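Only one chain is shown below, in structure tokens, and it's the form predicted alone.
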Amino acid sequence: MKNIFRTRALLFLLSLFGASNLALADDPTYSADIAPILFDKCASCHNPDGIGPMSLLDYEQVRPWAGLISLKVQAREMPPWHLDKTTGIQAYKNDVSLSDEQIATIVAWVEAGVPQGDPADLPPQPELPNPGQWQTAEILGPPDFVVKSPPYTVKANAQDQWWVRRTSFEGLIDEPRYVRATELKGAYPLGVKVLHHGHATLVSVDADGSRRSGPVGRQGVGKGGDLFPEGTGMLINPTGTITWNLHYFPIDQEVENDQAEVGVWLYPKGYVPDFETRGEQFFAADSGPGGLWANDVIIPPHSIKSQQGVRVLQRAALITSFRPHMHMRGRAQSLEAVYPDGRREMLARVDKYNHNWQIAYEFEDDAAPLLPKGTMLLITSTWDNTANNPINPDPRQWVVFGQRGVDEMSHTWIGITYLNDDQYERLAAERRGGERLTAGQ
């Protein structure tokens, strides 16, 4: 019961921020209460082959880190989920954050002296993802084809590198096909440790001569593959060029001839989906002063700076995911919708941005913003170039646009499917009929 009243007070304070029906066992133990949380929320990264800095698979591994774990979960730094929980849409397919009750349980356990409890209460060891295999294969089976980037050697302890190359795409499909899912990953075992984020974009030409561009892979630390909603696909042609944009962060050993890999899953031949998407798309603001791209990013030393930009939707759209992108000074980014009638709505806001993670926040189907033509997307970015930013390499420096982590960027990757008028009206009517109103409805 040591410090249990203080923990009860924490529960009360957490409940003031929207939690309800919280309950807490008087004497939480590792075996009965903590292991289930860690196995479910932490073990996929914190295992011998994972990207976490320590393994958390048994009591002896967890005990030395218990105090740090308590601090990290109270600050909501771990598990990594950087969304502001007080505003915007809160329904996501890939939400790994802890509940207020889970946080309070961990805090109570640490304050009670990290009791192990009865080993018979332990849940089974979790099934861990194999970092050398395709994660999307767990849902769809093996990919229909795989392509690899040209080899690149990542020097030990060097500066981070943004590497761009082009390769031809041909001979893998014999006719235009619709893509169901894509996944990009570094080669196992060391490539997955140095590939921070990257993009593989296929550019081809349609039969009418128009240029077609779409991602066959988007990767980031903390981001999985891209699985399009059922009935939605991305059309690709049999020949074209893949542009590889890969951002490498070195480790303490050389990684020789790393080759990133892209796996692509196709719909069956002849299948035409109801909705055609171009996948996760790059959104910088429209050009001009006050935008969010190259020449506009100038951050003075010892300063906090915010900047806004807009993009007007020329067609109705369904947004399926939101992935902010800044670098080491990035602090926050939000995505708002300003509707044609003047209404304004916050869709999502990341208030604890951390460049070490590149998370795509995937909206639940019923909550995905359905936006009419003419909606303005308002993007607001904030940078923290002060000593209070724990990953700021040097707050004395002026910071400008650049591709290194110590320079800055600001844009957003949005999973978006554009809709014609009939498609928009049909989706809007389905939501109204099911009483599942979402953004803009």
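Keep in mind it's a predicted model, so treat the numbers as computed, not measured. Residues carry their position along the shown sequence, with the first being 1.
Omitted from view is the form predicted together with heme C, to which the following refers.
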{"item": "Partner-proximal stretch of 356 to 364, 114 to 122, 303 to 311, 227 to 235 relative to heme C in the model of the complex, 4.5 angstroms, heavy atom", "value": "356 to 364"}
{"item": "Contact test in the model of the complex: K72 vs heme C, heavy atoms, 4.5 Å", "value": "yes"}
{"item": "4.5 Å heavy atom contact, S44 to heme C in the model of the complex", "value": "yes"}
{"item": "Heavy atom of P131 within 4.5 Å of heme C in the model of the complex", "value": "no"}
{"item": "Partner proximity in the model of the complex: L378 to heme C, non-hydrogen atom cutoff 4.5 Å", "value": "no"}
{"item": "In the model of the complex, the residue from V406, M409, A32, M54 that sits within 4.5 Å of heme C by heavy atoms", "value": "M54"}
{"item": "Option touching heme C, based on a heavy atom within 4.5 Å in the model of the complex, out of M78, L335, V255, A200", "value": "M78"}
